[in-house]
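Quick setup: one chain, the form predicted alone, written in C-alpha cells, and binding and motion questions come after.
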Amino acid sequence: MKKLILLAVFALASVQSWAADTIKVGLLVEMTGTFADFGLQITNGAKAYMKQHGDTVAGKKIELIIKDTTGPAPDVAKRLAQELVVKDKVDFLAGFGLTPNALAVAPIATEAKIPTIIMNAATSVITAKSPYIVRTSFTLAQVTEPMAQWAYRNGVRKVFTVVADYGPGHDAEDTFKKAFTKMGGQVVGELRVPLTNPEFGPFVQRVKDGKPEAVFVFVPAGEMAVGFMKAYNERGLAKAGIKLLSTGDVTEDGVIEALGDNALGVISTHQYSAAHVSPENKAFLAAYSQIDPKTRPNFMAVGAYDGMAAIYEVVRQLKGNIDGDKAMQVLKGMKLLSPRGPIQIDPETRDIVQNVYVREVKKVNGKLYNVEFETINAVKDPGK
C-alpha cells in the first residue's frame, strides 16, 4: 500500500509541470568532502550554460535546485532524489558526479518517470538501470579502449594497470585488458586502490617492482589524481622508464597545474580539454569565467553544460509542457554541437556518442594543458 501511495505521488509529480510557470531541475552533486570539486565543476558548468543562453525557454523559467550528496553516498542520494520529486516537484533530475549515487536514484527515475541526465558518472551500466536515464558525459570504457589501442600502436607491449576500486575503475581495468591483449599486448599486473583516503606509495612501488613498460591509471579526478602523481614521482617510475598512460581524469584541467612540471609528457585519452580549439569551446570558456573566474573548467563542467543544453532543447520542443515519456523521445538521438565537438545521444542505449582525443601534457603560454594530437571520431560505449 505504501508503495502504491508513493507511485501515485510520483505520477502526480510527473504531470505537474503542465500548469507550472517554472521548469525545475534537481541537481544532485557532491558539494562537500573529498569530491567537492565534482560538485563545483558540475554546478558551474550548468550555470555557465544558463548564463550564456538565459534562464527562460518556451516561456518557462528554468530553476536549478542543488542538493549535496556529500560524496559516494547512495542512501543520501536516494533520499534527496525522493525529496526533489515529491516535495520540490522537479521536472528533471541531473548531476551525479559518482556512479553509486546515480545507481541509487535509477529506480526513482523509473517510478516517477523523471528524465534524468547523468553529467559525469561513468560506469557503462548506469543507462541500463532506468529507461529514463541519458548520459551527456562519457563512460570509462569509451575513453579507455582508445588508450589501449594507442599504446600498442606506439610500441608498448607490457603494462601494469592501477584503478580505483569501484564501478568505473572496474570498467577501465576490464576494457584496457581486453583491448590491449586482443592486439597482442600483455598486462603484467593489476591493482585496485580504495576510493577514499588511499596511500598510493605501496601500490606504486608494486608497479615499479613489476618492471612494466608503462602503467595505465584510472582514479577519479581531483585529490586522488594528485595523490597518485605524487607517488609516481616520489617512487621514481619515470626515471625507471615506466611511462604513465591514463584516462583524462588523472590530468584533468581543474588540477593539472597542481601536478607541476612532472606531468609534462603524460599521455591520456579523453573527450574534453580546455585547450580544445573551436568557437564553441571559446564561448564556453568565456561563459564559465563569468561564473567562476578562479577555476579552469574541466570535463565535468562540459558534461553539465551539455546536459543543460539537452534539457533546454527538450523544453523547447515540448513547448514547456514536460512529460517524462515525451521528453525521452526528444532526448533519444539528440545531436548537439558541444565545446568538446559534435555529440549525440544514442537512441538505443541513451548513452553518448562523441570524439575521443589522444592528448599530451604540454605548456601553453606558460601553463599546463592537455594538448590534443589525435582524434578518434564518433566513439560509442564499447561496454554495451
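All residue numbers refer to positions in the sequence shown, first residue = 1. Predicted model only: the values in this text are computed from it and were never measured.
Beyond what is shown, the protein has a form predicted together with ligand VNL; the following relates to that form.
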Answer option from Ala221, Ile133, Val314, Met229, heavy atom within 4.5 Å of ligand VNL in the model of the complex: Ala221
Using a 4.5 Å heavy atom cut-off, which residue among Thr161, Ser273, Thr251, Thr123 comes into contact with ligand VNL in the model of the complex? Thr123
When the contact criterion is heavy atoms within 4.5 Å, does Gly303 count as touching ligand VNL in the model of the complex? no
Check whether Leu98 has any heavy atom within 4.5 Å of a heavy atom of ligand VNL in the model of the complex, and answer yes or no. yes
Just checking whether Leu140 would be counted as a contact of ligand VNL in the model of the complex - the rule being heavy atoms within 4.5 angstroms. yes
Within 4.5 Å, heavy atoms only: does Phe284 come near ligand VNL in the model of the complex? no
Determine which one of 179 to 187, 151 to 159, 295 to 303, 229 to 237 lies within 4.5 Å of ligand VNL in the model of the complex, judging by heavy atom distances; exactly one does. 295 to 303
When ligand VNL is considered in the model of the complex, the residues of 152 to 173 having a heavy atom within 4.5 Å of it are Tyr166, Pro168
